[in-house]
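In the block that follows, a single chain appears as C-alpha cells, in the form predicted alone.
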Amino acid sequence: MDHHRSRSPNSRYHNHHHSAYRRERGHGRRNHSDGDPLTHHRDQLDVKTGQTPLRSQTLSTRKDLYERDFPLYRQPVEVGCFSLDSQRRFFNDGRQMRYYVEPDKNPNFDLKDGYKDRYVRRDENVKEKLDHILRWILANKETLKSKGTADSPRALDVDFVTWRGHLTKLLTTPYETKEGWLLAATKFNGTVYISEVETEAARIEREKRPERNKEMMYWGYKFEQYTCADNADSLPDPSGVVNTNEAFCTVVQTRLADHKLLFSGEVDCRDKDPNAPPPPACYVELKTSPEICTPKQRSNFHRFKLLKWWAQSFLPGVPRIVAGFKDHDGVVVSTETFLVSKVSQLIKNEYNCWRPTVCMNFCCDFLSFVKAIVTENDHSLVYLFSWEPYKDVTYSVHRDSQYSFLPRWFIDGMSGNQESHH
C-alpha cells in the first residue's frame, strides 16, 4: 500500500525511543542507475595536508530515489524557548510570546497600513548565523548535558544543531527548481552544527529587491499584528509599530530515523485557550497568500506554496496554519485554517504533486551524508555543502576561513571557560 496516500503526515510522528529505520548503504559503490543517492564525485585535497587526493562524494536529489516508506520521525518535544526584543537582544524566556485572536469572517485588513511610518526593519546585512541558538544552549547546557560514554564524548545528547529554516530548505530540495543553497557544517564536541551561508544569487536578489517586494514582505508581518495579542485576555493593536527584530522562538528536540536533532524556529503565536495542549501543539503559524479565484490558482497553491508551509510547520510539530488571503491591493479578504496533518489529503488529487515521504527521506539521507563526511571534531573546520537545482549536493572543506561560524564565546562557554555571552 502507498504509505503517503494511506496516512496523514501527522500520524508519522513516533514516540519510540529506538529507531525502526535502518538501512545499509553502499557508500558510493553503485552509480545513479543503480538507484543509490550517494555517489563518488571528484578528487579533493586532504583536509590536513592540503595535498593528498581524497575520493569525494555527492548526494543526488532525484525525487524517485526517495520514494520509500516515510522514515521514523519522533513527535517533537519543546525543550525551551527564547525571545529577541526590539533591539534583537536575546532573553532566555518567553516574553515575546503572542496570542492568536481569530479574525471576523470578512476581515478587510489593510496590510499596507503603517508601511511608511510604523515599520522598523531588521538589518538583513547582519548575519546572525546560529548565535541565538548557541546562546540558548549555553544558558541551558546543564539540562542538555549528554550522558556521554567513553566512546561518545558528546557534550550534548544530539547529533545536529541548526535552525528549523535550514531543515525546511532540505525538505523542499527535491522539488526546488529556482534557488540553490549553501550549508556550512562544523563538528564540535561530537555534535554537528549546521548554519546557512548566503549564496551569491540570494545576496544579489536581496540587494536589488524591488520596492513592491519589500512592501509585500511587510504585509506578512502586518497580518500578524492584526491577529496577535500580547496577552491571552487582550486584543490585537494594529495601530502599533511593526518591528521585525522582535521574535519568539521555540527550541525542540526530535529524532529523524537515527539522527537526534535540536533545532529552533520562530513561532508566530499560540492558542489563547487556557485548556489548549502544551507547546508545540498549541502553536499557530500565520501566512498570507494571494486570494484564489481559479482552479489553476488553487492547484498552484497546493503544488508550490503548501509544500513550504507544510515543511515549515511539520518539522517543529506546529499543528495549525492560518492563511490570510489578500487581494492585489494588499487587503485581506478572507482567512482559512489548514491543519498540517490534513495537508497530504488536500494535495493527493494534484497530478505529479510533491510527497511528504520524499521530503523527509531526502532530509534524512542528507543528514546521513553529512555524518559520513563531517568526521573531524574541530570548531575551526567547515564542511561547506552546496546545491543548485537539477544538480547533486557537493561539498568542499575549509579551515579557519570566512565560513567558520562557531564564536569563541560559545567554544569557551562549552569548554567551561565561560565569561559573559551577551
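A residue's number is simply how far along the shown sequence it sits, counting from 1. A quick note: this is a predicted structure, and the numbers were derived from the prediction, not measured.
The same protein also has a form predicted together with a small molecule, omitted here; what follows describes it.
- A heavy atom within 4.5 Å of the small molecule in the predicted bound form is found for exactly one of T186, Q312, T227, S264: Q312.
- Site annotation in the predicted bound form: the residue of F248, Y73, F109, Y221 reaching within 4.5 Å of the small molecule with a heavy atom is Y221.
- Using a 4.5 Å cutoff between non-hydrogen atoms, L171 does not count as a contact of the small molecule in the predicted bound form.
- For the chain shown alone, K287 is a contact residue for the small molecule in the predicted bound form, at least one non-hydrogen atom being within 4.5 angstroms.
- Put simply, M216 is close to the small molecule in the predicted bound form: some heavy atom of it is within 4.5 Å.
- Using a 4.5 Å cutoff between non-hydrogen atoms, D268 counts as a contact of the small molecule in the predicted bound form.
- Heavy atoms within 4.5 Å of the small molecule in the predicted bound form map, among the stretches 255 to 263, 342 to 350, 235 to 243, 278 to 286, onto 278 to 286 alone.
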